[in-house]
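This document starts with one chain, in the form predicted on its own, laid out as structure tokens.
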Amino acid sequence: MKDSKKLIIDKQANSAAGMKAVIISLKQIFGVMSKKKAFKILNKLNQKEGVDCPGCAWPDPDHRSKLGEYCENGVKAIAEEAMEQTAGPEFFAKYSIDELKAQSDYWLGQQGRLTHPMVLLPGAKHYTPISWDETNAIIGKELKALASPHEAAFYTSGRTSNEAAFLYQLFVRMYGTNNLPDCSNMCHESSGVALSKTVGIGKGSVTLDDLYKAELILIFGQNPATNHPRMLSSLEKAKKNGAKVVSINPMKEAGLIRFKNPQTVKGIVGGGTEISDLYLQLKINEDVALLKAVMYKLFKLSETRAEILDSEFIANKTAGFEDFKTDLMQSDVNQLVQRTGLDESEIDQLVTLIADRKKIIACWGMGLTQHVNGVDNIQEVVNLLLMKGSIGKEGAGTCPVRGHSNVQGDRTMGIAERPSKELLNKISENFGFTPPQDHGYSVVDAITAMHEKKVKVFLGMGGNFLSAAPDTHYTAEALSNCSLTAHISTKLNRSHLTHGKTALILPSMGRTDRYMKNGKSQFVTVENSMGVIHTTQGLLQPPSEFVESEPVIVANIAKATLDQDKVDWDFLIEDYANIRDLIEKTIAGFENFNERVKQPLGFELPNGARTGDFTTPNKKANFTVNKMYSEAIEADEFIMMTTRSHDQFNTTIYGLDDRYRGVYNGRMVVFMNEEDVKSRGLKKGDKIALYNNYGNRKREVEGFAVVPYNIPKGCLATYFPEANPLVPIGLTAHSSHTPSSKSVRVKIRA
């Protein structure tokens, strides 16, 4: 569906947040619910023993703001989840599948909360209501009829609670497969692989307090103002304490320039806080080249200033240093500098900042992970920190900033297609069955298997699988090959409209919904981006009596599918404390779970990289030798990356504006360097098509409006999911298999 308003391309903003953010967020939430309801939920949002924001996973400070511990996009997330409008049987009777497909993702999301289980029968044009008993029977029958459990895939999104995720993986493994693709396959899988290899744990090593004690914070490939706005408050505090901040990002982003904190006088009437002391706009996916150039120069400086390197840490705590150094010092530093697209003087400024400091934190987002060499990118970041001894000490370490609110918790609970032997052994010990040992399908593997008709049943818990996945048309064909697609969802999305022979929508509760059982209000738990487990408890009446909680949905599917007497699913969902007792027995670090989680601040999980006790096989932190992006680029090609707009969280579209980048009333835009625009004979607002041909499959998307922007020459940026059809299914990161959505070769057709 075309947007009714005309696209406006205005100038970029040079600051983020401020009172404008407050006004816009309140307008958004008051537009979909009463003021009384809005204030009721906002007063408890991210507060101790309150509701955890269903948006990003940025941790909560120990001392919460009484004015509101949330950001603009957090308010938008609440407005999206808890809106009073509903999409029930009458809605689905009104609109056919084809009519719904013609609408935009934004329109679909604005139709309200799902209220009833719905089924789309073979050949039908409309979803129709169905009972929960019938829903569970259909799923159970389809799963039992498969020739092998490996013919089913069970997807999980990051908003799922720990309790639901644990039950889900237990059910799936009792069913007989490790086909547990997860949204982390598409975002921070590269981080997990790289960090596990180098420091022994696939999570970040720092706490929020470390940020406040850091001397230097490096931010790679991340846009906090849109993706994790509360991080800006943490950076503001770090700056006040004397930290320097370096932003490394191809695009000039408003929030990395200046932050106007709406809870301070300086942020309301003053100029706010300058965030970046140095802003390096390197070319897309040249982070390894930059880091190699920096480390080469640090080694040269250390010849006369030995204190630049932490020799004691390197000798006692690391392995692989000599191989790493030998490879690095063979580099042509001039060639490295040229690859980055930066002036050498800019790189020298970064070298000086690093050389003079020991407490260094490296933060990164998907700008590092979603590349063919995504694992190399992160391992090279770790190399820099190891040189400086900046891991395992106060104010220093790794900080991958997770996008969704419990995507890290899903992994901790065992949502993994490549589970550890430790987890499988614990499951066997506690539940009396031998779980499957073979690796299952990741997201890309699952899509390919569905396309090849090796997977015939797809069950998704949360998320919008089709819109999140790469190679949209290929993924749509894959889903359409299934005999059954079923989605546990709070809202209508694109994935419900590209379906198998039979399709089910299972309406679930969100974070804001109160779940009552036997007169008792139940809470669930989540894990934030820094490994803290804490509670979240809903406050609002669910949109209908037919909406169920995710643990209940999973338990009932398990009962309809499995013939077993080892797990009493009804007992587990009588009181979620019973689920937590099983988590305690199965997952390391959850001792006395039910007691410890009652603490207002929750509790930290064990983290060897945080304490300097590395849990790699050799008990050392490992230096690595890493590769740069090596694919040849033709003269008429660009490197395209996909990104979010400010009115968006993952695949959820809150609105059609991206005011920080100066785009209003539309999303079909491509950000281009001004010189590239002129050299192609284009001008602002011109419509172009982007296309490529990976694997002899032509991919093309038309209708992008040109936006001249502060981005390096030869680089393009587009929004996802609109540009996802251009991301080839086979273009994935080595080892992690993460889609390479941030470095896709494309050509332009006017």
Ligand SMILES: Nc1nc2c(c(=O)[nH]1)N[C@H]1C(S)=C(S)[C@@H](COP(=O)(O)OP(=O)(O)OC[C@H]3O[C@@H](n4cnc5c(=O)[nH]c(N)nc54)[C@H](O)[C@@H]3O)O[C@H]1N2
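Numbers follow the displayed sequence, beginning with 1. Quick caveat, the model's predicted, so the values are computed rather than measured.
FYI, the form predicted together with this ligand isn't displayed, but the following is about it.
Scanning Ala153, Ala468, Leu572, Ile275 against this ligand in the predicted complex with a 4.5 Å heavy atom cut-off leaves one residue, Ala468. Of the listed positions (Asn223, Thr475, Gln408, Asn162), a single one reaches within 4.5 angstroms of this ligand by any non-hydrogen atom in the predicted complex, namely Asn223. Judged by heavy atoms within 4.5 Å of this ligand in the predicted complex, the contact stretch among the candidates 331-339, 517-525, 433-441, 250-258 is 250-258.
The candidate spot formed by Glu142, Gly200 and Thr561 is out of contact with this ligand in the predicted complex: none of the three has a heavy atom within 4.5 Å. Of the heavy atoms in Ser390, none are within 4.5 Å of this ligand in the predicted complex. Within this chain, Gln370 lines the site of this ligand in the predicted complex, having a heavy atom no more than 4.5 Å away.
This ligand is not drawn, but in the predicted complex it has no heavy atom within 4.5 Å of Ala289. Interface membership of Ala16, defined by any non-hydrogen atom within 4.5 Å of this ligand in the predicted complex, is ruled out. Using a 4.5 Å cut-off on any heavy atom, the residues of 494-515 that reach this ligand in the predicted complex are, in sequence order, Ser508, Met509, Gly510, Arg511.
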